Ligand code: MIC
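Quick setup: one chain, the form predicted on its own, written in structure tokens, and binding and motion questions come after.
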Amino acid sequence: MAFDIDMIKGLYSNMAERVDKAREIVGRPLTLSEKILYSHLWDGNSTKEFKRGKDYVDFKPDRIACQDATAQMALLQFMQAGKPQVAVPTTVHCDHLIQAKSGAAADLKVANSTSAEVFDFLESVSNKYGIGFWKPGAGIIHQVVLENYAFPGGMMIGTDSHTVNAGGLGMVAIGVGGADAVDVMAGMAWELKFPKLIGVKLTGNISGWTSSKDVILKVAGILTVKGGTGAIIEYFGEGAKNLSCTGKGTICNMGAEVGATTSTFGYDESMERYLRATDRSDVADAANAVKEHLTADAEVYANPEKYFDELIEINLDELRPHLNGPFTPDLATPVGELGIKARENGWPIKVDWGLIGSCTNSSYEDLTRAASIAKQAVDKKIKPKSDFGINPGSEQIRFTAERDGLLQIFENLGATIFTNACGPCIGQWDRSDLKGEEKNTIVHSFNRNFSKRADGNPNTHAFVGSPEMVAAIAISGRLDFNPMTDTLLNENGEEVKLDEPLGIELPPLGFDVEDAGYLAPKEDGSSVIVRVDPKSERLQLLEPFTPITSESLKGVKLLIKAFGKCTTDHISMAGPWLRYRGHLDNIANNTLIGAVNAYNKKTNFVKNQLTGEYVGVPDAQRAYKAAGINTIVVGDHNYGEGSSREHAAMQPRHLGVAAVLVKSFARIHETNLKKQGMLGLTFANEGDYDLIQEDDTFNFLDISAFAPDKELTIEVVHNDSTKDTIKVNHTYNQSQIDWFNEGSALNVIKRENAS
């Protein structure tokens, strides 16, 4: 039986009325995305049509999910909100703080020891405030959500950018910063700019070496890392119906890599099969009763060009397997063409590691397809040329895969089975085979491949593919290997060819698990004491941010002008820094250390204008803060791409950065800046980026008149006393301006609760 079944049935009971009313207001057939959005309006039935990409709308999400790295800061903020319990079903999942090194048992034991303080904190906070808690080793948040909580037609938010994975079960599931989650936990509306809609029509059927992963790898190549910004991607067509539920989840999961607000599919038989297989027949029965509202109106899919802002068509019969990378997930190359491109660019052909798993590809079906390739290598006596690492998605997946002999196949190949956790995908990988920063290549079934992402080495060239393609490439040990045409030499000196992968959608014997790792909270947690040691290096109670005043926005110094790609990994690195995610002052010591300084093309090396010396970014910023001087960060396009981590906004705010001025923002990061009471601004003229010099001082001339839809004016004073006056844009509405005036969105919540 499903969690929160009464909540799900309650939503379905109102869905017909809300969809009908929305259709009447809009005056046309509705897409699936619109049906879900209009069914979750904070004020109930719709009374107006919302303009895509323009109108801010208050929504009422059904549930929240938090992973342990982001949950710390989210729950530290919620503790300040003055609420006895969370207002909507919420869960915490411990999947980020487990380092992959020796194998599942040993690595989990180390994590439970080294991060005991954090796990105990999260468990006690969850117990106190009515939050479901998934223990370390229970699994990766998004796989656990898909198995237990996702449901067709629902809306959820999560403090991880890959929350979008739940679109595989027909949800509108959106990654947010912790402050957004706190709003909903506290019983308040959640605000989102009404998304634009991108339709992806899938025809045909995937077969052979092509997989669901290749659909999103192809889409990433089409849209690029910012092409989906501000939009929901809705997949449809006969090709969509031919995909498994977990395959749909893979596609939605990696939609985060094109900047999409989320991605989703209409409810179909594959979703029903998955719900019943995961012991949620009650949800399937309830969904079947309203299934016409859990997909778009027929007219929409018959004439999609009339209803979507952008339309992409992909024939799955013709789709080829891809490997995307290196260093960006949208550099798409069909397998078979990668050798030429690698040699032209000087990418290492030799492959050192193949990594299978992550929240994107760790389902039972994924493991069976990869295992079918691994078994051939064993049976055909092909000795793998690369090392292997496997991260099962959940304890249920791991237990079932072990029962069915899948894990033994990988072990026969010499693979290391890591904990049911994120591991190398987020930089939690103690990789012992490298010496220094040597140039090398790895292949993985993850979603992101930014520089330093997996192992901290800027020269690791990471390529993203399907689990089965990763297995084949890793077995061959060569990036230019094409399993569809090439042969391999086995231990007997014979040339052998790998057969096409075979996958099993759902386990024939059903899923099984002895201990899924779930701890339910107390019904009344008022007696639970949450303690944070004042001397702790891992946890720190929060102090409210003070408002940034108009007066303090004069004489603002440039902290750094970031050159090129500046993701949340560049602003607040993961990997070894994850240990400080609950201690704002300590983790602030990694602020922007990965950003490239436009003036010297170095990282973590900027000019301290007070001394003229070049120092690390946090060192310069702490000097400005000590002198009572606010600073500004200047950046390029899609600034803040990547993870939802609000630390990338909270750390600069804590250190005294008042404004971030860029050519364009990634959606989640822009919202996070607003939530923390900062100024997130864009150049009215992108060419003004080139006017900014290393010793500049900034005066915000009309910030006292900060208002919606009104440009702001900044005077840029150069070191030679010459000046440039530039115009900047913003997307703040009046509520968000109130956050700025109060110092943060959390300060507004506290004020409202106090009154």
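Numbering starts at 1 and runs along the sequence shown. Predicted model only: the values in this text are computed from it and were never measured.
From this point on, the text means the form predicted in complex with this ligand, which you will not see here.
In the predicted bound form, is there a heavy atom of this ligand that lies within 4.5 Å of any heavy atom of residue 643, even though the partner is absent here?
Residue-level check for residue 643: yes, a contact with this ligand.
Heavy atom of residue 160 within 4.5 Å of this ligand in the predicted bound form:
Residue 160: contacts this ligand in the predicted bound form.
In the predicted bound form, residue 69 touching this ligand (heavy atom, 4.5 Å):
Yes, residue 69 lies within 4.5 Å of this ligand in the predicted bound form.
Proximity of residue 581 to this ligand in the predicted bound form, heavy atoms at 4.5 Å
Output for residue 581 is yes: heavy atoms within 4.5 Å of this ligand.
In the predicted bound form, the one of 369, 453, 280, 675 near this ligand [non-hydrogen atom within 4.5 angstroms]
It is 453 that has a heavy atom within 4.5 Å of the partner.
Can you work out which of 398, 448, 461, 293 has a heavy atom no more than 4.5 Å from this ligand in the predicted bound form?
Partner contact (heavy atom, 4.5 Å) among the options: 448.
Tell me which stretch of 69-77, 405-413, 191-199, 258-266 has a heavy atom within 4.5 angstroms of this ligand in the predicted bound form.
Partner-contacting stretch among the options: 69-77.
Taking this ligand as it sits in the predicted bound form, which residues of 71-105 have a non-hydrogen atom within 4.5 Å of it? Please list them.
Only 96 sits within 4.5 Å of the partner.
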